[in-house]
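Starting off, we have a lone chain in the form predicted alone, written out as structure tokens.
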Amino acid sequence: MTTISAGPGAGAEPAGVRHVKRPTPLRESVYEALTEMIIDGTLERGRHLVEVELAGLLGVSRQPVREALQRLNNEGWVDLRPGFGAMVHVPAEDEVDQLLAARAALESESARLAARHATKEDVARLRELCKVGTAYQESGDIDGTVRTNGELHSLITEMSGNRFLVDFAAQVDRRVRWYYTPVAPVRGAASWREHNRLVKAISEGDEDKAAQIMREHTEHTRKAYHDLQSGAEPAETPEPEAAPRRRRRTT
């Protein structure tokens, strides 16, 4: 999560100020800052975005903010409405279904290939991320939970060894984080139990089981999101049934 305030002490900026660094093109820095503010919920869904207010938060003029809002509109993060101005996009339920369906396809294949190619070092990194993510979840640190969740999924995709999967997954990563952030407290410990099961399957070279767990994991997230939007009580994640394992292929 991008820091909002400069922290305690003399000369600290007022809360909400996010001065951007100048070395990168200003319009790019403003775009990145606003995108992260949308993802982490600082700019909540449906919020009316006023150029002068955003410019004050970021310590820039209105022009790069206007350019960033146009780009965010083109990418579906913001809706520009004649007569109303800019609003943070409120995703429709079918958007979430479509994105998570794409994610399930990408990541189940990534998990399958990760189980085939995983090294001891890879598995150790996955286990460490599970440990860190569980600690964040237990302490109630949503930002840390979401960040570590993303790191674990990204690492599994990298472990697949397929650069096209890596590229495709990177394209949906931010949107997944945006949808997952409000769901993280609902999914809670169940999500990290699933991650641990997934890492175990990968460590054992069980390609089919790793792919299956990843598909189920994504489906549980999709259902939790819909339950949250409808106000329904989140369902308990069912305990998995034992299934025959397929070990890593040897050559």
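C-alpha atoms forming the largest set that superposes within 1.5 Å between two forms make up the rigid core. Computed from a predicted model, the values in this text were never measured in an experiment. One-based numbering along the sequence shown.
From this point on, the text means the form predicted in complex with the DNA, which you will not see here.
- Not displayed here, the DNA is kept clear of H117 by more than 4.5 Å at the level of heavy atoms in the model of the complex.
- Looking at K200, you'd find every heavy atom of it more than 4.5 angstroms from the DNA in the model of the complex.
- Within 4.5 Å of any heavy atom of the DNA in the model of the complex lies no heavy atom of R174.
- Using a 4.5 Å cutoff between non-hydrogen atoms, P82 counts as a contact of the DNA in the model of the complex.
- Relative to the DNA in the model of the complex, residues P25, E51 and R62 are all within 4.5 Å by at least one heavy atom.
- Among H226, R215, R45, R66, the residue placing a heavy atom within 4.5 Å of the DNA in the model of the complex is R66.
- Heavy atoms within 4.5 Å of the DNA in the model of the complex map, among the stretches 189 to 197, 202 to 210, 26 to 34, 215 to 223, onto 26 to 34 alone.
- Relative to the superposed core, S29 undergoes a C-alpha shift of no less than 2 Å between this form and the one not shown.
- In the core-superposed comparison between this form and the one not shown, the C-alpha atom of G205 has shifted by less than 2 angstroms.
- When two forms of a protein are overlaid on their rigid core, residues whose CA moves 2 Å or more are considered shifted, and S154 is not one of them between this form and the one not shown.
- Compared with the form shown, the F168-L80 C-alpha separation decreases in the model of the complex, the change being 3 Å or greater.
- Three angstroms is the minimum change: in the model of the complex, the CA atoms of Y31 and D143 sit farther apart than in this structure, by 3 Å or more.
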